[in-house]
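A single chain, nothing else alongside it, follows as structure tokens in the form predicted alone.
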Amino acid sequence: MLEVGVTAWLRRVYPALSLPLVVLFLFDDQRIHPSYGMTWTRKTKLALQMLRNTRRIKTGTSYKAHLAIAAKLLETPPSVRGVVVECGCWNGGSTANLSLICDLVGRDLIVYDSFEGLPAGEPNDKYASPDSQGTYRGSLDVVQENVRRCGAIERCQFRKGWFRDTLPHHDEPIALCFLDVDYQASLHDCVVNLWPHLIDDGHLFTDEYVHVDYCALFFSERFWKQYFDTTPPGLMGTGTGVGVGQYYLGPFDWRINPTSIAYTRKGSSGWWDYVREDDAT
């Protein structure tokens, strides 16, 4: 029992104990653009504020995942146009942290959400069920208040509605996109409608990295050929997440809270194109 108690305690305090190393390794990067003036003091202050926000607002993603997003945005020169897009915000904890990053890099944050929770699932969506409809609901008022209290709400635009209705109308160039949308149908809607607006070398992050079959969309030659007439981009962190100091190894276990994220970059490749000459027909 003592060993179980110590393990549980370590899991609770680990995010805070590991913060200095996370900041060191994620932000010790020569690719961060110097114009942002990210001293080690500013980097540490940002990480602490993000950790505190995930304690103040119940979130589905870790501050470490948000710092990984920050690292990629800080690599993008300010001269490159593009907004940041979040699809699926729940209570606004991730939105608050993303808004802080956007304030640092001078970009707008566009938040797409129904603000009514998850939609009714489609019959062929393996991650949808009748019982999940309405879960992860955060009303627009609650989300805005949380961002106002913990983030930079002046950076945010909130676009309410189901993805299939709102995303086809998106027209701004996107520097970075963060998806936390749960369903296969929602992922489909997000990628089909937003990928064309992602700038060259822009990043797309997803929280649902623990499900390899869900991540398979980013390796599907059929999907990328059908919708974009191109090869799949792949997904860094499929199954276990990218390295941000987490202890999660996969496969997914509800007793363990994964604390990472996965991403792809427009222009990367997840296409297997090798054919052995003597096997070719």
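One rule holds for the numbers: they count along the sequence shown, beginning at 1. Small disclaimer: the values here were computed from a predicted structure and weren't measured.
Same protein, other form: the form predicted in complex with a small molecule, not shown, and the subject of what follows.
Visitor: Under a 4.5 Å heavy atom criterion, is Ser94 part of the interface with the small molecule in the predicted complex?
Guide: Ser94: yes, in contact with the small molecule in the predicted complex.
Visitor: Gly88 near the small molecule in the predicted complex, any heavy atom under 4.5 Å?
Guide: Yes.
Visitor: Determine whether any heavy atom of Ser186 comes within 4.5 Å of a heavy atom of the small molecule in the predicted complex, and answer yes or no.
Guide: It does: once the small molecule is placed as it appears in the predicted complex, Ser186 has a heavy atom within 4.5 Å of it.
Visitor: Indicate whether the small molecule has at least one heavy atom within 4.5 Å of a heavy atom of Tyr209 in the predicted complex.
Guide: No.
Visitor: Between Ser132, Ser114, Gln144, Asn193, only one gets a heavy atom within 4.5 angstroms of the small molecule in the predicted complex; which residue is that?
Guide: Of the listed residues, the single hit is Ser114.
Visitor: Is it true that Thr59, Tyr136 and Gly161, all three, sit within 4.5 Å of the small molecule in the predicted complex, judged by heavy atoms?
Guide: Per the other structure, all of Thr59, Tyr136 and Gly161 touch the small molecule.
Visitor: Looking at 74-82, 100-108, 114-122, 198-206, which one sits within 4.5 Å of the small molecule in the predicted complex if you count heavy atoms only?
Guide: Answer to the contact question: 114-122.
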